[in-house]
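As a starting point, one isolated chain is supplied in structure tokens, in the form predicted alone.
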Amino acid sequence: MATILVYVETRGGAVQPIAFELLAAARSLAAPAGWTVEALVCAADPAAPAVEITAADCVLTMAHPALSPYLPEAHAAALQAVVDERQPDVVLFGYTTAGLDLAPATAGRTGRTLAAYCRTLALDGGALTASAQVYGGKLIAGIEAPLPAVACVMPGAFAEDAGRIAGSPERIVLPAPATLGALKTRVLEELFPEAGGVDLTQASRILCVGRGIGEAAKIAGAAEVAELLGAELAGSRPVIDAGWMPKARQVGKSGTKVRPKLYVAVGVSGAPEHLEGMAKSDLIVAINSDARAPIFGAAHFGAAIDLFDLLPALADRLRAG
């Protein structure tokens, strides 16, 4: 029977949310075609995270010390062994740091076509079709990948809850390949950014400034609006890389993933890496002078206006009550 294999990303022994989104994607593909969904958990001790996976028809686990903490070479070798043995028709990865490592590696090692940056997926005869965002989300491209295929799916493209449905999947323990005992790389140390006195994951309101703010001195105007809104001030990666804000205030794939009730994006273009960190906010308001900026595709409300015209007016309105 045709199958879809989902790579389950874990961190610190816990399943990452993107895995449930991928399970939702897999179920949406498998149900109409009568296919089965398999989920793969690779870790030093995969038993605990594997219990969280209930939406698959079958949960595969592989245990080996080299698989925790995450090491790209080890997980790529494990995936190659599993794909060679199970021969899935579609393999799904999330557009994450690990997914960017492993999706192309798996496709190359197993001779499969890779569809990247996918926002939608469908099966059409002997092919996987997808819509993918390119050029930082400015364009949407149609993809047709002959089966068997590998797909890298954008976070937020599928509902996480649909990948958490209850079930009683078959559970299979797979042997680790011998290649895991002869790796050329190893993890020396895991480094994490200091908290810096702010926890954006707990903020109910966030105002985030992007490259459009222009310079560090102009952040003050955004900071005033954030204070009047009762919001935490955050920045996109270009702002953090420029040294205008501490790393603890970065939102995005390489920063913090947030889900506030209100997210105001000021001068943020909306690159895929940034959208990954905030797309699940309850209410997203975008302010950008470029009406074609990708951030408007994720926003519930938007203003295509010069932020330096809007912010002072907004501050005056908020002060007036």
Partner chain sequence: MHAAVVLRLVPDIADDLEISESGNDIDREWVGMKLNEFDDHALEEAVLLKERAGASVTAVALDGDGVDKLLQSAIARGADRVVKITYDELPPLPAAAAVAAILADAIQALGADVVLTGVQTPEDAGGQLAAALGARLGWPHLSAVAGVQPAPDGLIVRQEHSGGYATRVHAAGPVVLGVQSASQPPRYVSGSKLRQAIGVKPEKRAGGEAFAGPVAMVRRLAKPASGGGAAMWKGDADAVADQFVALLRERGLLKG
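On a predicted model such as this, the values are computed, not experimentally measured, just so you know. Residue numbers count along the first chain shown, from 1. We call the rigid core the largest set of C-alpha positions that still match within 1.5 Å between the two forms.
Keep in mind that the form predicted together with its partner chain is not shown, yet the notes after this line are about it.
Trainee: Check for me whether its partner chain, as it appears in the predicted complex, comes within 4.5 angstroms of all of 8, 123 and 198 - heavy atoms only.
Mentor: Spot residues vs its partner chain: no contact at all.
Trainee: Within a 4.5 Å heavy atom cut-off, is residue 109 in contact with its partner chain in the predicted complex?
Mentor: Yes, residue 109 is a contact residue.
Trainee: Taking the shortest heavy atom distance, is residue 35 within 4.5 Å of its partner chain in the predicted complex?
Mentor: Flag for residue 35 set to no.
Trainee: Taking its partner chain as it sits in the predicted complex, is residue 264 in contact with it (heavy atom to heavy atom, 4.5 Å or less)?
Mentor: Contact check for residue 264: yes, within 4.5 Å of its partner chain in the predicted complex.
Trainee: Is residue 310 one of the residues lying within 4.5 Å of its partner chain in the predicted complex, judged by heavy atom distances?
Mentor: Yes.
Trainee: Please determine, with the chain shown alone, which of 82-90, 215-223, 169-177, 115-123 has non-hydrogen atoms within 4.5 Å of its partner chain in the predicted complex.
Mentor: Heavy atoms within 4.5 Å of its partner chain in the predicted complex occur in 115-123.
Trainee: Just to make sure I understand: among 289-306, which residues lie within 4.5 Å of its partner chain in the predicted complex, judging by heavy atoms?
Mentor: Stretch hits, in order: 296, 297, 299, 300, 301, 302, 303, 304, 305.
Trainee: Honestly, after the rigid core fit, is residue 307 moving at least 2 Å at Cα between this form and the one not shown?
Mentor: Passes the 2 Å threshold, so yes.
Trainee: Is residue 121 displaced by at least 2 Å at its C-alpha between this form and the one not shown when the rigid core is overlaid?
Mentor: Comparing the forms between this form and the one not shown, which are aligned on their rigid core, residue 121 does not shift its C-alpha by 2 Å or more.
Trainee: I want to check residue 298: does it shift between this form and the one not shown by 2 Å or more at the Cα, with the core superposed?
Mentor: Residue 298 C-alpha, core-superposed: shift of 2 Å or more.
Trainee: Given that the distance between the C-alpha atoms of residue 154 and residue 288 changes by 3 Å or more in the predicted complex, do they end up closer or farther than here?
Mentor: Here the pair is closer than in the predicted complex; there, farther apart.
Trainee: Quick one: with a 3 Å or larger change, is the residue 298 to residue 9 CA distance smaller or larger in the predicted complex? Answer closer or farther.
Mentor: Those two alpha carbons end up farther apart in the predicted complex.
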